[in-house]
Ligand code: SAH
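Only one chain comes next, encoded as structure tokens, the form predicted on its own.
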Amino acid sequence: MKRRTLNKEALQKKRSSYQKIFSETLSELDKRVSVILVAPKYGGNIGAVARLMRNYGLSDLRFVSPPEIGDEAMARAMNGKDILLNARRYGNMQDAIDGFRIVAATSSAITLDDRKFRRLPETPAKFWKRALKTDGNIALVFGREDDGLRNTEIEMCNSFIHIPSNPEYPVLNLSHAVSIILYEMIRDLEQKLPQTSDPIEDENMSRLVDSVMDIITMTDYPEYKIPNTRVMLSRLMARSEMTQSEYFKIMGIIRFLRFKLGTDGTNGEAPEKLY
């Protein structure tokens, strides 16, 4: 069995395509999505949010009544310093959200009473599935570290995001909450990206099952169990999302086992390469 070698040029092309699609998608999101921090208090959180926005390809950071940006915020911002320095400042929330089609409040305090619409929760995943299908810009609004957004501020928003967490302590750190919501924004992006690894070919899937069954039949494994075992192995392999590379490694192990059992046709000579 000759192992297929990986073409470096093809690999580089795949990487370039991956990066291109990812970058283009983030660029489109950057045109639509803004992060608004209402009266944040701690420089560390402010800087961390700027860094996270750089991680997820966003650049429009807005503050409502922020503190002065100090050394801690700049240090925590890392490669997001330019986002921090170019952040827009507003004296009130209404001005900050002006012009957005979707304005999403975030809070750990929710209601399950469908008669009280203000704090009916929507998970980040559900929010993005809906919001990204809608034309127009999106504002993500995060409140104060100590008591979050006020009811009057939430009433200005037309969406409400809640991150499910321990009911006994549902309050997340500001930057952690931003990270989770932005991650959910790009989570489905994987479906648009080129495959980064080659899935196992159908004929190799069958060959692998046959090889495992051959090893099994060399033992005292009960014969009556063999048909069901083959079916189980076939279904297990089908669910595994195995790659070609993994297939060759496993086949190398099987070849070694066959060598030890003296059934690989090598006349007792050890394989040059196991996998």
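Numbers for residues come from their place in the sequence shown, where the first is 1. Note that the coordinates shown come from a computational prediction; the quantities given were computed from them, not determined experimentally.
The form predicted together with S-adenosyl-L-homocysteine is left out here; the points below concern that form.
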Note: S-adenosyl-L-homocysteine not shown here; in the predicted bound form, the stretch from 72 to 80, 201 to 209, 94 to 102, 137 to 145 having heavy atoms within 4.5 Å of it is 137 to 145
Note to self: Taking S-adenosyl-L-homocysteine as it sits in the predicted bound form, is I163 near enough to touch it, meaning that at least one heavy atom pair lies within 4.5 angstroms?
What the structure shows: yes
- Are any of the heavy atoms in S108 no more than 4.5 Å from a heavy atom of S-adenosyl-L-homocysteine in the predicted bound form? yes
>> Can you tell me whether V171 touches S-adenosyl-L-homocysteine? I mean in the predicted bound form, with a 4.5 angstroms heavy atom cut-off.
In response: yes
| Would A177 show up as a contact with S-adenosyl-L-homocysteine in the predicted bound form if we use heavy atoms at 4.5 Å? | yes
